[in-house]
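Presented as structure tokens, the chain that follows is alone, the form predicted alone.
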Amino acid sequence: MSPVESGGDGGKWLDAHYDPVAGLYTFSSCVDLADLSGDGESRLVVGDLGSGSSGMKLKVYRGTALMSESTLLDLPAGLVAFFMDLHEPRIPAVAVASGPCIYVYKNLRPYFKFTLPSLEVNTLEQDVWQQVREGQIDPLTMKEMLESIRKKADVPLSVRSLRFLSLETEDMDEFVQLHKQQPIRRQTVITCIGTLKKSTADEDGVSCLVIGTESSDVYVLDPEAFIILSKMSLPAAPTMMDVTGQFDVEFRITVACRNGNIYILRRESDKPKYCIELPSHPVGLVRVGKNVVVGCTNESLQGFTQKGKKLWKAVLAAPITTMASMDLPTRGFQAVMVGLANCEVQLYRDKNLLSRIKTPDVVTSICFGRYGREDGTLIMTTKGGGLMVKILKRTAAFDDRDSAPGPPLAQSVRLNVPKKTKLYVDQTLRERENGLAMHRAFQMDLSRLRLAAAKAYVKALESSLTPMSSSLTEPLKMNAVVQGLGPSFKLTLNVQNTAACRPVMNLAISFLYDESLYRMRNPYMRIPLLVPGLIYPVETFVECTSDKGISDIIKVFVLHEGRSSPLLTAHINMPVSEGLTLN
């Protein structure tokens, strides 16, 4: 391999190999990296789907060359490399899940075949086939009886009966004659496979096989005797799984099911411990640290805790085709690689987009790990059967800033909320117990406050106690300015006619004050005609006659000649006379 620098990924990857006609048709669940020869060089193990009906093979690559291939009898549903014993040299075995069987290869040769146990057969269905065998009923009657059983029975029908119900009337008799003497069996198939460490978390520790089946069951198999160590049930058939922990200590199996939910199984229970309900069906499931990252069909990537609490959501530019984890223990770096239908592979850490890789075709499988002697190798297969190998530069650094639009990264940081005090808890309990009475008291006080404010407002309008006139024929506005330190003050009143085009005339200003404290030169003044929009300053002088250092309010009334009620009123808070204090 002669690596060249790649141009569509920000210069972080080297293009080591690209073969567009490799003829590899597979998914991420059927790709793994393992040191199958014990020489320190990891090989690429691929379960090739072939054409879908023929040509299924187990292929092993070393570098860029095909090292070996073995024919598979059925379509592979998953492939894992695992250590099944403690023998030296430490060489892993390869387990391929295909149909109802697991084929175990050791040293690239067939070693063991495990078949799932048969399922319970419906007794009513057995009785119907027994009657056909004895010639008591004809095929049409048999069809009616099987359809009735399918609608009501708890145990599903076997594949043979379901196939019989799908036949045309003229083909039924031939089918019955061919199969009636054979015993009825109901067999499930494997949908996904994973590995679980047996007792130690070492990289080369012995691992158990974990398989999910179409019958909505999860089995844990012993790695040596291949007996069922544990069986757990799910509400729906599993499609993807992620396993962590040790079987003898504590483990957690995260399973994505066909009903669109994710279930979390634990050691002490044979039923799901937690359930994550998704807005759309999952297409990818990857564990990053203690969190689970799920890709959905609604073009979104979501993060959840181990207990199912949603942490974040990222919206993608295209549908997801595949997902895989990117783990670099030497750098302490973990992220998620997402293959998209727009010929891109995006790298995410939490909801932050760190890098993009442009590909010549849509990626169908991703595998990251040690290949050959390179730790950071990215292997991808494409929709057209191509094989791509990229190597992460040793100088590559991923910026953790959030390049996607949306809220800032700091918004997702948890606040340091203080602990609840006893007073807070007591108040909360009191509010829960007396919530209705407290709400009624609050509404009563609020109504009284509104009533008091309305009464004061009406009184102010009726008695013209506001500095703005409420009269539509004579709309006026006034403000006052007091200048001076005392004992003599200059009082300036700015009067304005706020009408659109009508002048106001025959107005006067009167002052009401405490004559023992103040003396005014002009306590009553006439105002000239007020033109709309202009501000008219009216000036007068007030003299404080008291030497006690106190002040009072002077009331100003704007009057219309011939009327007893004022048009508007202003209260002026006079300052303390500092001149008398100094004297």
Partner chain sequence: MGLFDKLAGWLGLKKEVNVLCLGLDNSGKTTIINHLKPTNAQAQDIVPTIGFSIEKFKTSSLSFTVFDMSGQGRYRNLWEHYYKEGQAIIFVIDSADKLRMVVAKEELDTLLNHPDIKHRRIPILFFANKMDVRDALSSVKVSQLLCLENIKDKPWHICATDALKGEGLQEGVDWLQDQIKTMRT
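Residue numbers count along the first chain shown, from 1. Keep in mind that what you see is a predicted model, and the values were worked out from it rather than measured.
This next part talks about the form predicted in complex with the partner chain, which is not shown.
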Location of the partner chain contact in the predicted complex, chosen stretch of 70-78, 365-373, 334-342, 229-237 [non-hydrogen atom, 4.5 Å]: 365-373
Contact test in the predicted complex: R258 vs the partner chain, heavy atoms, 4.5 Å: no
Contact flag, H560 vs the partner chain in the predicted complex, heavy atom cut 4.5 Å: no
Residue contact check: D15 to the partner chain in the predicted complex, 4.5 Å heavy atom: yes
Exercise: K490 in contact with the partner chain in the predicted complex, heavy atom 4.5 Å: no
One residue of S546, T540, S37, T64 in contact with the partner chain, assessed in the predicted complex (non-hydrogen atom, 4.5 angstroms): T64
Heavy atom within 4.5 Å of the partner chain in the predicted complex - residue from K307, R185, R394, R109: R394
